[in-house]
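One chain is shown next in structure tokens, namely the form predicted on its own.
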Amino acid sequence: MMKKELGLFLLILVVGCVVAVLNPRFLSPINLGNTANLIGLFGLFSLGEGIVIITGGIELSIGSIFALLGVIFIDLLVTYALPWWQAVIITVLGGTVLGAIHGYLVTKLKLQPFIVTLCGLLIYRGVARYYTNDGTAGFEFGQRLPTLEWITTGRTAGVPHSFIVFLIVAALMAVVLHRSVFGRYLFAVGKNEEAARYSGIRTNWVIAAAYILCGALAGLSSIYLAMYTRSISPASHGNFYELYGIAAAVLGGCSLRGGEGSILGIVLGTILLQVLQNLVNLLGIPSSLNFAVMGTVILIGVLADQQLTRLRNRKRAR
């Protein structure tokens, strides 16, 4: 795995150097700070997406979860005037519950993860639009939440708190995935669920836990995204964000077949994606091509994974 991560790190350096040469503004403190903030915002939920992919599943409803939990979070603060910490707990619990529902449908009712989360994508966005009567949810004019704003959008020594929280969560997830029995179970289930079951692993519990963890991180991310945008249009908020998470995981070495991946790889994949997005902006490439760039990146990542798998199989055959 370290070869993949080293290659990804070198690719980030090369792309960063090319962008810096083409546009020196890339290395300006303002641009680096803004890029770090976006890495933090997108990295949080990419970690959860990666954990699900390692089990051989997929999570397509994250963007719609952001829309639903985002409008609920703002409503709790504005309409119901709840203390910010209570609104945070409720929102994270909401994401956890949605993850648990996905886990139940996948493990107990044996539905395909693609179908479960695709339905979630449609249902949650529809509920969010109904909840706001297809309007926009936002904070009242002049409303201030200094502590919450400092935690979510503040900076320390120029480093965005979203980026710091992302690194802390990534470190915790690295311990869980690479230094715990649960982490070994995740890889085992992703490699061969049936073999894992026969070896005594409670595969249903492991898969459900992966979706619950992903849902909790989506709930946390929805808070950071809501505070970043300050207003949410449920028809568009979070659209296609699940693709960013999938792209970051795939670029980081997570195989869509399951059983492979690392937290460091997902972190590096997230960084590479945001550097590429920054390249698009700084070089004056039309923003409409953002998704084209992302789609190309996912395709290259999948092709590279396929080629590496073939090479490994050939070596084993010898």
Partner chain sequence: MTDDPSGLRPPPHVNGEGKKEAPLLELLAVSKTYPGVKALDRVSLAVGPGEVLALIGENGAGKSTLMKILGGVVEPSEGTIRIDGAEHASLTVAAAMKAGIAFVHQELNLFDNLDVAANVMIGREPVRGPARLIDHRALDDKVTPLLRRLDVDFEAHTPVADLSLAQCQLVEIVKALSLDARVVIMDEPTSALTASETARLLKVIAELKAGGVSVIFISHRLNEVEQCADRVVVLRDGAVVGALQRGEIRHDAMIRMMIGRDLKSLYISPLRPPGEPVLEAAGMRTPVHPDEAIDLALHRGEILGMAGLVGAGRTELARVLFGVDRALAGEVRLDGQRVAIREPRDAIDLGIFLVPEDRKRTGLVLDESVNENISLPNLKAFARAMLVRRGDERRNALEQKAALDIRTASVDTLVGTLSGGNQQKVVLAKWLSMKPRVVIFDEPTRGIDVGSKAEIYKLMRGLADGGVAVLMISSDMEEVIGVSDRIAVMREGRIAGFLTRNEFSEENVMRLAVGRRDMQAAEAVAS
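Numbering follows the first chain given and starts at 1. Just so it is clear, the structure is predicted and the values come from calculations on it, not from any experiment.
A second form of this protein, the form predicted in complex with the partner chain, is not displayed here; the remarks below concern that form.
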Which of these residues, 213, 188, 101, 170, gets a heavy atom within 4.5 Å of the partner chain in the predicted bound form? 188
To verify the annotation, which of these, 231, 239, 199, 112, has a non-hydrogen atom within 4.5 Å of the partner chain in the predicted bound form? 199
Using a 4.5 Å heavy atom cut-off, which of 129 to 137, 72 to 80, 150 to 158, 179 to 187 contacts the partner chain in the predicted bound form? 179 to 187
Would residue 86 sit within 4.5 Å of the partner chain in the predicted bound form, counting heavy atoms only? no
So, in the predicted bound form, is residue 143 in contact with the partner chain at a 4.5 angstroms heavy atom limit? no
At the 4.5 Å heavy atom threshold, is residue 123 in contact with the partner chain in the predicted bound form? no
Looking in the predicted bound form, any heavy atom of residue 118 within 4.5 Å of the partner chain? no
